[in-house]
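Coming up is one lone chain in structure tokens, specifically the form predicted on its own.
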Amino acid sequence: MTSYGRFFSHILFALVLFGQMLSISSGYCKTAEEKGLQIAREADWRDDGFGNYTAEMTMTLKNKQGKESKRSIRTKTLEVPGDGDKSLSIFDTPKDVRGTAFLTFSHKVGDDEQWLYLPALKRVKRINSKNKSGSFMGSEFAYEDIASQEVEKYTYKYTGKDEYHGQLCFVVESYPVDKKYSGYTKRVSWLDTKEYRLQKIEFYDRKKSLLKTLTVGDYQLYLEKFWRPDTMSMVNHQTGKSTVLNWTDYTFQTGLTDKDFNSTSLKRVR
């Protein structure tokens, strides 16, 4: 597309988006499903254009008895225009998981692609879409939680507003399009009405019982547009286990390309 064409398409999109925002704020949407979808699209649009970034992360696993174990992880993320993000996680500590690498190609439509390199076995394992509800590296995050949460992967329903930790939030239910292999029947999300930042998600299992709650906080603003949390805490109500992710050292626009996200070279990532 020419620069003029791109300019006018951006203007058109902005006008459409402005109309959607007016509909949300003034109640002109006809159905709760339309409102839910518009809120999800707005949250997604606000994070559009970050390009790529790296970050450091500490994963703290806690069992029912309160015993903790920690893992340090380096992450890389690449935005893919017109599709889902690509992400790479590399484990540095402890020694028994050092060198483990996890690669995800998220897609707006169809199954995500995920690969796990296990240095003890010296082989790359493809994660079957049938197993996406399984635990990621023993944590309370499932494989499907690790992939970028593309708008197209769910249907939505707006249920109203609620105050959470002093912030007025939209409350939106989302239902996975892939009902066969998702571990959830629905998610209930709280997004603050000012910045559309995710504050909390409740996950309901295939029996429609509350399974887990994710809380997200300590947001920091980068490049005057992109919000990223410093903490994410997932609590499993059925097992009593929890996993906390603490993020540091976000660095945006580092020059990452598709070549940095290659399943055939996972054994060589450092």
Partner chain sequence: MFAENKSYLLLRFFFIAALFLFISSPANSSALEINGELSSQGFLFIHEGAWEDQEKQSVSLAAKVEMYHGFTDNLQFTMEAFYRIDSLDSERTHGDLRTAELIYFTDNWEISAGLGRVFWGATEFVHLVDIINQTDQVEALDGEEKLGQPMVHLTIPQSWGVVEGFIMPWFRERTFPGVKGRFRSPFAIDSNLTVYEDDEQHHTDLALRYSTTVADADLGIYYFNGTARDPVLLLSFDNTHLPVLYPYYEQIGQSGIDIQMVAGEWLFKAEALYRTGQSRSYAATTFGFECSLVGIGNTMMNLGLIGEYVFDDRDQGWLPTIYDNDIMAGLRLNVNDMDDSTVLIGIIRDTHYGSTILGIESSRRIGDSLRINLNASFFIDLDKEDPAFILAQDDFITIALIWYW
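We call the rigid core whatever largest set of C-alpha positions still superposes within 1.5 Å between the two forms. As the structure is a prediction and not an experimental result, all values here were calculated from the model. Residue numbers count along the first chain shown, from 1.
Beyond the structure shown, there is the form predicted in complex with the partner chain, which is absent from this document and is the topic of what follows.
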Whether 61, 130 and 140 all lie within 4.5 angstroms of the partner chain in the predicted bound form by heavy atom | yes
Is there a heavy atom of residue 135 lying 4.5 Å or less from a heavy atom of the partner chain in the predicted bound form?
-> yes
Can any non-hydrogen atom of residue 246 be found within 4.5 angstroms of the partner chain in the predicted bound form?
-> no
Partner contact for residue 253 in the predicted bound form: the partner chain, 4.5 angstroms, heavy atom = no
Residue 113, heavy atom within 4.5 angstroms of the partner chain in the predicted bound form = yes
Which one, 69, 220, 231, 54, lies within 4.5 Å of the partner chain in the predicted bound form by heavy atoms?
-> 69
Please pick, from 108, 165, 161, 126, the one residue with any non-hydrogen atom lying within 4.5 angstroms of the partner chain in the predicted bound form.
-> 126
Counting only non-hydrogen atoms, which stretch in 166-174, 146-154, 116-124, 184-192 is within 4.5 Å of the partner chain in the predicted bound form?
-> 116-124
Stretch 75-109 - residues with a heavy atom within 4.5 Å of the partner chain in the predicted bound form | 94, 95, 96, 97, 98
With the core lined up, does the C-alpha of residue 171 move 2 Å or more between this form and the one not shown?
-> no
Using the core for the fit, does the CA position of residue 198 change by 2 Å or more between this form and the one not shown?
-> no
Threshold 2 Å Cα movement between this form and the one not shown at residue 161, rigid core reference = no
